[in-house]
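Take a look at this single chain in C-alpha cells; it is the form predicted alone.
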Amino acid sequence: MVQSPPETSPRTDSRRTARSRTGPIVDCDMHNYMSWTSSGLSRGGVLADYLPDRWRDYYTTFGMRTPNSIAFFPTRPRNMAARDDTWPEDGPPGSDLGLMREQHLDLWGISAGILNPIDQILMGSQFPYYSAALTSALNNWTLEQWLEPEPRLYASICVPYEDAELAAAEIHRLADHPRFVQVLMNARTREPLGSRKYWKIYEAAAEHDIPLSIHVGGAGGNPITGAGFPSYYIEDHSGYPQVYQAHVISLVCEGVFEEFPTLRWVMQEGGFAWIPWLCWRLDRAWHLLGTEVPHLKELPSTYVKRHFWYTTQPIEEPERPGQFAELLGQLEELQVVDRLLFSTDYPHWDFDAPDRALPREMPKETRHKVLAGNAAALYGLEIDDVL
C-alpha cells in the first residue's frame, strides 16, 4: 500500500486542496538527475561513487560521448529543459529529493511517481560494457538515494539497450524488486525496436512480466525524422510522434508480439492522437500486403490495442472543445482510453499540472482512470480510492 505523504512540507494545505480536486494521482513520468556535487572524489561526482574501479577510472578520464542531435539539453528553450523554479542550490533540476517533495509530490498529493532517470539518455547507448556499468550504477543510485527514502517513488530499470544480453542481465538483476516497475528504452535507438537484436531484452521482460517503456531521447545516432536532422528545436519537439510510429510499426510487423504475447509497452512523451489513423493505415496495408508477413496472425490494430499504453504529457489539445470529444470517441473504439497514463514530465519546462492537463470534456470516470486507475492496473500498484 502506498503510504500517505509525510506532513513535512510548508505547502501541505495546497497539496490537500489539489488532491481534493483531482483524487489519487499516479505520475508515470518524473525525472531524477544525478547531482554534480562531488562526494569525496576530485572528479566524477556522485556517479563515480557507484562505479567499479575499472569504469570509475575510465569515466573520470574520458567521460561519455554525447548525441549528435538538436534535442540534447543545451539547445532547449530552458537550461536543462527545466522549469526555472526547479533548480536546487547546488545541482541540476531533479537532483534534490527534498525539493521534489515540496514542489511536486506534496504539493499535488502524488500517490505514486515513476522515475525515469535523465542520465539514461547518455548512459544507455555507450559502448556495451561501459554502458552496462553506467546503467547499473545509475539503478543502484536511484534505489539508494530515491526509492529507499521516499515510499511514494518507483523507478524504471535503466539498461544498456544496444547490447541485448547485457541489458537482459540487468533486467534479471532488478525486475523482481517491487520498486522497479518497468524497463526503460530511449526513442533514438540504432535500429527500429522490432529488430531481432533487441529480442533478448523482450525475452527477459516477458519472463519477469514487467512492462517496457520508450522515452524521448537517446544517443543512438539516428534522427527522429525519416529525412535527416532538423534545423530547429521546434521541429524536433513537435516531431517526436514520428519515431514512436516507426517503433510501433516495427514491433508489430517484425512479429515481436507473436513471439512474446504478454509483452506490454508504454510510449512516453510521444502523444496518442495518431493511434487511430496509424491503425487504419496498418490494417489497410495488411489487407493488401499481408502475404509478406504471414507470421502476423491478427490485424495489426489488434496488436496495438493489446500491447501499448501511452502517457499523457504532452497531451493533444484541439482548438475547439468538441474536437477532443470526437478524438475520445475514436480512442474508445480502439480501447486506448483504458491505456492512457497520466504524466507531468516534472521538472521539465513543458510540465503538465494535474488539475489543468486533462480536457474538461473528459468524463469523471475516465479522468480517474487516466489519473491513477490505469497505471495502478498496469504496474500492480495499490492506491487508495482508485475507481
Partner chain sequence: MSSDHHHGGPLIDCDVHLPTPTVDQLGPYLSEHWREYIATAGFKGSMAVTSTHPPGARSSGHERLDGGFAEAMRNVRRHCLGESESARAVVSAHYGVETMGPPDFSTALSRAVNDWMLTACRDTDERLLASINVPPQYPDLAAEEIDRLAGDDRVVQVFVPARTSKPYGNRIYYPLLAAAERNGLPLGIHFGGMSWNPPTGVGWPSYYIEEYVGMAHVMQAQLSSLVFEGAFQRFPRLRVTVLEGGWTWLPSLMWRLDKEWKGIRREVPWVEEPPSTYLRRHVKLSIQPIDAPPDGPEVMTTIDQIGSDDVLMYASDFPHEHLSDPLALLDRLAPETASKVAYGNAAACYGVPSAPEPQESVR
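Residue numbers count along the first chain shown, from 1. The structure displayed is predicted, hence computed values, not measured ones.
Just so you know, the form predicted together with the partner chain exists too; it's not on screen, but the next bit is about it.
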Quick one: does residue 323 come within 4.5 Å of the partner chain in the predicted bound form, counting heavy atoms only? yes
Is residue 349 near the partner chain? Define near as a heavy atom within 4.5 Å, in the predicted bound form. yes
Residue 223 within 4.5 Å of the partner chain in the predicted bound form, heavy atoms: yes
Contact label in the predicted bound form: residue 337 to the partner chain, heavy atom within 4.5 Å: no
Which of these stretches, 339-347, 26-34, 49-57, 323-331, has heavy atoms within 4.5 Å of the partner chain in the predicted bound form? 323-331
Suppose contact means a heavy atom within 4.5 Å; in the predicted bound form, does that hold for all of 111, 177 and 206 with the partner chain? no
Pick from 249, 169, 97, 143: which has a non-hydrogen atom within 4.5 Å of the partner chain in the predicted bound form? 249
Considering 235, 298, 258, 102, which brings a non-hydrogen atom within 4.5 Å of the partner chain in the predicted bound form? 235
Using a 4.5 Å cut-off on any heavy atom, which residues of 188-202 would contact the partner chain in the predicted bound form? 188, 189, 190, 191, 192
